[in-house]
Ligand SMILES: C[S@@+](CC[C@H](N)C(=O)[O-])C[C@H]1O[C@@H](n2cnc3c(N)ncnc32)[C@H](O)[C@@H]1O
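The form predicted on its own is given below as one chain in C-alpha cells.
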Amino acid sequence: MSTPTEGWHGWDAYARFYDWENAQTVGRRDVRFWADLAARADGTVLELGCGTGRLSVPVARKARRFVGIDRSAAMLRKLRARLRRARLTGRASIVRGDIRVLPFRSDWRCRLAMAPYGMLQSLLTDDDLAATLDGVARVLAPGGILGVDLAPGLPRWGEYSRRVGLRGAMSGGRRVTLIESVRQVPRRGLTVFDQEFVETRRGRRKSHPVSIAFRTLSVPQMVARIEAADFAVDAVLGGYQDEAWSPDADVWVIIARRS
C-alpha cells in the first residue's frame, strides 16, 4: 500500500471494524479519565476526532454540553446511532469537519477540548498540528483545558509484514481476521499500519484493506508546540491514573490550560 499523504486517509474504510478492534485492544481503560475531566470542566466539551463514539457517549453523559467533530462520515454514522440509543441527542452535537479548520462561530467557546487516543498524531505535518492547536486556542474559553494523549512507542515498533493480529466474531454471523503490516517512514517521522480485515460469512470471504499513518513527537517537542499556541502546560502524565511521566509509559498524557 502507498503511504497516506493526509492523516484522515483510511479512516472511512476503518470505520466498519474500528469498534471491533478497539474492544480487543484499548478497551475502556481511558474512559473514566476523560469522563472525569469532562465533569470537572463545568461547560461545553469539544472532542477532536470523535470517531464512532467510544469515548463520546460516556463523556456526553458527564458534560454539560458535548460537541464532537470528525471528518469521517462513516465513523459519524455510527456515533449518531449510539447517541440516539443512549438518548443523548439533546445534549450532544456532532459536526462533520476538519480539526485543522474548526467550523465554529467567532464567539463560540468550550471549557474542555480533548484530543484522545493519539488524535494529534494523525496530523502528519507541523503545519497541520499548528493549525489545529491555534484553532483550539481560539475556541477555548480563558482558563479552559486542553487534554491530549499520545502513543509513545510507535517509532520503536519493529517492521513486519502480514502478521495475523486478531480474530473474532462480529454481528450478523461474521467472522473477522485482522492481518497487519507495519512500516516506518523515518524521513517523515511516520509509522504506517497496513491492515487487511478479512470478513467471512456463510462461506464467502471479503477483504477490506485499510492503511493509516501516525506521526510521533517526543513530549518536549509536543509541549513546545502546545506552548507556542498560547497554552500553559499544567501536567505531563504517564497514564490515566495520574502516574508519573516516564519515557517507557504505555501512554503520555498532557494537560494544558488556555492562557
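Residue numbers run from 1 along the displayed sequence. Since the model is a prediction, treat every value here as computed from it, not as a measurement.
Keep in mind that the form predicted together with this ligand is not shown, yet the notes after this line are about it.
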{"query": "Any non-hydrogen atom of residue 78 within 4.5 angstroms of this ligand in the predicted bound form", "finding": "no"}
{"query": "Partner proximity in the predicted bound form: residue 186 to this ligand, non-hydrogen atom cutoff 4.5 Å", "finding": "no"}
{"query": "This ligand contact at residue 119 in the predicted bound form, heavy atom, 4.5 Å", "finding": "yes"}
{"query": "Residue contact check: residue 99 to this ligand in the predicted bound form, 4.5 Å heavy atom", "finding": "yes"}
{"query": "One stretch from 201-209, 45-53, 216-224, 230-238 that, in the predicted bound form, holds residues within 4.5 Å of this ligand by heavy atom", "finding": "45-53"}
{"query": "Interface residues of 68-91 toward this ligand, as seen in the predicted bound form [heavy atoms, 4.5 Å]", "finding": "70, 71, 72, 75"}
